[in-house]
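Quick heads-up: it's one chain on its own, the form predicted on its own, in structure tokens.
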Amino acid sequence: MQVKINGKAAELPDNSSLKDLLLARELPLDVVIIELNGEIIHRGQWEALKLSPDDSLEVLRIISGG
């Protein structure tokens, strides 16, 4: 299925969860925020929430520093 991630088209296997997406892209689960179709999704929902074709995601990585 095709979704948009940070404004770019991406192909994912059908029935992928948000957690599947992060693991496939080797993103550390503890330092990202996900917005799905304009709504921030809480970390506890990532495994259960399945993506749909044409979903739009913003994946933000938290970086600290001074």
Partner chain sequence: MEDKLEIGGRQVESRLFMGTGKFADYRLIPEVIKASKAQVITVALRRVDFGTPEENMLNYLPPGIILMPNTSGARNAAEAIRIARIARAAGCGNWVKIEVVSDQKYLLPDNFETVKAIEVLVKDGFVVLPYMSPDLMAAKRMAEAGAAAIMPLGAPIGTNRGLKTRELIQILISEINLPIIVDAGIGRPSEAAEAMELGAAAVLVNTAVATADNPVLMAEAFAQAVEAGRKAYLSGPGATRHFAEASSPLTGFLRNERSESV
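The structure presented is a predicted model; accordingly, all values stated were derived computationally and were not measured. Positions refer to the first chain, counted from 1.
One more form of this protein should be noted, the form predicted together with its partner chain, which is absent from this view; the next part is about it.
Using the partner position in the model of the complex, report whether residue 6 sits within 4.5 Å of its partner chain, counting heavy atoms only. It does: once its partner chain is placed as it appears in the model of the complex, residue 6 has a heavy atom within 4.5 Å of it.
If you check in the model of the complex, is residue 60 within 4.5 Å of its partner chain, heavy atoms only? Yes, residue 60 lies within 4.5 Å of its partner chain in the model of the complex.
Using 4.5 Å between non-hydrogen atoms, is residue 50 touching its partner chain in the model of the complex? It does not: once its partner chain is placed as it appears in the model of the complex, residue 50 has no heavy atom within 4.5 Å of it.
For this chain shown on its own, do 27, 35 and 65 all sit within 4.5 Å of its partner chain in the model of the complex, going by heavy atoms? So, yes: the whole triplet contacts its partner chain.
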